[in-house]
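One chain comes next, on its own, written out as structure tokens in the form predicted alone.
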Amino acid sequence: MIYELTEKDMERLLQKIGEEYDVFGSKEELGEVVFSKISSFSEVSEKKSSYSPKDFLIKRSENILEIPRVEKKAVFGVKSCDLRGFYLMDLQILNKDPFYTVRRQNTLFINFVCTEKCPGGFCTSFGGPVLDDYDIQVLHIGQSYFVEADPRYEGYLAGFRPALDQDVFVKHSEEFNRKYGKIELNGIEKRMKWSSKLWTEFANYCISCGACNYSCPTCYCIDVYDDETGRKKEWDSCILEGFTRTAAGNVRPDLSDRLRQRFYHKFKYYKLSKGEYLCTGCNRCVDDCPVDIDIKEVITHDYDKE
């Protein structure tokens, strides 16, 4: 069932959810869109946040010798591309990483479907911006907020007015795809070449900062180490030289090898092992790359001409 809410209704929905969850939302602060605690729907910004909401589920750094705390959080204003990243990560780490799992099971995401394509974004190539999997999904058109919920959360919509047009999300998806098109993947998992010159070209100007991994809503790799305060896990990056260093040496000492690994993991290994590409088309890795490496080049590159 799809419901049609007014802005006043959205405020009621937020307050209703707030009776059970700590409520967070994307909001504008000092010129950036960040995730922070909110008390009113009027605080929610529908602009793309400056960073993905990944650290609601995977902390940048935490002590893993402590028992994971159960904290019920609801997050308004998550973009569909970022939310899809969680469903992709679920395939690998849900019910395996206890910290991720307890947060995933106690965090309610309210994703907002884009009505305009963001600069560089290519979510249509990965099924966006209308999602099939969601907690509560919102489409804002004019004065109306069209809302649909997974059966687990549909109770929050009781009492609101059902939408006259029950196909509004389908129609929006068709119109969005028609308007913006998509980058065809064309079996990228089979087209990529191990010996492609692309990896060396990227390595010539990549500065190995790891920003692409940290900004990516689907990257979940961590490092584990001990210090004086306990056993820590923190975000790691397959681009960094130390990522694959072992006592026996580094299995990928060359940056070109590490870059190839990053793109092979996203477009080949994950597809073959999980049935999905590990990318949502959010373009965050491009936005945050200081030397403008564009993941879309990996998809559109003509490997047959090499």
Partner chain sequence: MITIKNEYLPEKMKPIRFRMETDDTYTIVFSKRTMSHAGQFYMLSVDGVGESPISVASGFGNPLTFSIKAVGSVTKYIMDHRDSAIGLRGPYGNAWPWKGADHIVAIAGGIGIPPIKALIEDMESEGNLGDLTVLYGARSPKDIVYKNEIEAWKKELDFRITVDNGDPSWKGNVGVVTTLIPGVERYKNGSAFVIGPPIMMKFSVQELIKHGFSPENIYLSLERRMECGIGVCGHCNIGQWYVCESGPIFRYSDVMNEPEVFL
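From a predicted model like this one, the values you see are computed outputs, not experimental measurements. Positions refer to the first chain, counted from 1.
What follows is about the form predicted in complex with the partner chain, which we do not show.
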Discussion item. Based on heavy atom distances of 4.5 Å or less, which listed stretch (207-215, 147-155, 228-236, 173-181) is in contact with the partner chain in the predicted complex?
Written reply: 228-236
Worksheet item: the partner chain isn't shown here, but in the predicted complex which of A203, L185, I141, I93 has a heavy atom within 4.5 Å of it?
Response: I93
Response to the item:
As a check of understanding, the residue in F99, F169, Y134, F122 with any heavy atom within 4.5 Å of the partner chain in the predicted complex should be identified as F99
Discussion item. Let me test this: is every residue among V44, S49 and K296 within 4.5 Å of the partner chain in the predicted complex, going by heavy atom positions?
Written reply: no
Worksheet item: So in the predicted complex, does any heavy atom of D165 sit within 4.5 Å of the partner chain?
Response: no
Practice prompt. Using a 4.5 Å heavy atom cut-off, state whether T246 contacts the partner chain in the predicted complex.
Written response: yes
Practice prompt. Find out whether any non-hydrogen atom of N106 is located within 4.5 angstroms of the partner chain in the predicted complex, and reply yes or no.
Written response: yes
Worksheet item: Though only this chain appears here, would E29 touch the partner chain in the predicted complex if you measure heavy atom gaps against 4.5 Å?
Response: no
Worksheet item: Though the partner is not shown here, which residues of 192-227 have a heavy atom within 4.5 Å of the partner chain in the predicted complex?
Response: W194, Y220, C221, I222, D223, V224, D226, D227
